[in-house]
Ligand SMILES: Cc1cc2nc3c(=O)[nH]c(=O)nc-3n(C[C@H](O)[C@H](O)[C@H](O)COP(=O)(O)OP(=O)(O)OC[C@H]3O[C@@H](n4cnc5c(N)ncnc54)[C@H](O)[C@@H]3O)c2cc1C
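Single chain ahead, by itself, as structure tokens, in the form predicted on its own.
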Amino acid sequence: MKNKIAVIGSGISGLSIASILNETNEVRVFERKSTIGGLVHCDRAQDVLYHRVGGHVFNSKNKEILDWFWTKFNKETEFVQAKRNAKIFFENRFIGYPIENFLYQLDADIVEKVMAELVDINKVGAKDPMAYDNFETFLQNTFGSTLYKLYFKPYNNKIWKTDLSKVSMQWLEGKLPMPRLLEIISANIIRKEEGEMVHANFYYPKSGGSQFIAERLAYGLSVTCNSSLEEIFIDNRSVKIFGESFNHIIYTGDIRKLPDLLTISSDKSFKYNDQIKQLRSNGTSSVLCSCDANDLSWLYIPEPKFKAHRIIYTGNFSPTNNSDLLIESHRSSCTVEFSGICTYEEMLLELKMLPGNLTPIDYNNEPNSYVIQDHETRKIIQAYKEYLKPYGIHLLGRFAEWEYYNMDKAMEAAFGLKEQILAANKKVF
């Protein structure tokens, strides 16, 4: 007899685990919105594709993920492969990314300070990144105070809007390059480009953007939209949602809402409920624009005088992302992104300051997109997972696990949960 499994949320995490488990289980997906996709949802505005939160692309260094993904898609006919061309907009000019590989493009006095600091760091001996207590200390002791003040501090303050000394290093593992002095010197002498980051090269759908990925993963699944979860009821016999019993519930929604959704008979409350409810996140505001033609993929904007922190040139990811009108006028499209909630008027003022002759097409405010970890977050989330597991409830995804997952990392987490689900014939109370 097949297990009945409910998946709450139809973002990449929910759709991935549902697709993985669907062949051997009876899987139902419930989505509170009218459309699937979560943060990777795309639609069109004035016939221009709009990634309303971020600009999601695919690649992975995990062979299991790659093998599974390409059973769902045709790499040759349905995707384009692109090379990442990212820049940094600094002092009204374009600097290569990552900045430590392009120091030669900065003013000579800055380069001298940076190199002196990097040499001093090397003399002391660079630590393993995970040996540092917090994100601020890591940045200062890896790149030196000059680069920290010019680039890393203002850029990360924009995104996270928090004291970087309170941010745990654990969330960074596997997400950023960890350069050494010799690598930085070599890159600047031989003008070597960054090739180690997972998205240095990436795949992108020829049509439909990341919404195409979501819809393909949803193919063959039972997905019910407009289903807002109000209670998860648990007694000594069953776990129920929407009045229906399931063997397992995989929750990919906002973990901060979960304590108030759970009704558990004859049990004490989770001791960290208050801390769960107080987890911090930032929203995202973005404006879709037409722009001058260019060859960029991402542009990072560290200077505090700008509110925006990056521009994503999604019009360069696939020609179908642009309207015929843009193509005929030799222009392209991009998304200007801000951390936090900005008014449309604030974003319009910003566009006038940024490069590319930006003209607004549409805008969006997403209340919850960047999750923020501190030193206690992972301990609390892990304890919550252990508390919920005997009831057949599992946490998965960016907002349920409070991890800053990209698309490939969300899929990896789904595979990590798969073995646990398949090993349990039924929940144990």
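Counting begins at 1, following the sequence as shown. Predicted, not measured: the structure shown is a model, and the values here were computed from it.
Below, we refer to the form predicted together with the ligand, which is not included among the displayed structures.
Highlighted residues 144, 157 and 307: none comes within 4.5 Å of the ligand in the predicted complex, counting any heavy atom. This chain lacks the partner; the member of 370, 363, 69, 391 within 4.5 angstroms of the ligand in the predicted complex by a non-hydrogen atom is 370. Remark: of stretches 351-359, 269-277, 224-232, 75-83, the one touching the ligand in the predicted complex is 224-232 (heavy atom within 4.5 Å). Remark: residue 381 does not count among the residues lining the ligand in the predicted complex, judged by a heavy atom distance of 4.5 Å or less.
The ligand in the predicted complex comes within 4.5 Å of no heavy atom belonging to residue 19. Among heavy atoms of residue 385, none comes within 4.5 Å of the ligand in the predicted complex. For residue 33, a non-hydrogen atom is located within 4.5 Å of the ligand in the predicted complex, even though that partner is not displayed.
Along 34-57, these residues reach a heavy atom to within 4.5 Å of the ligand in the predicted complex: 37, 38, 39, 40, 53, 54, 55, 56, 57.
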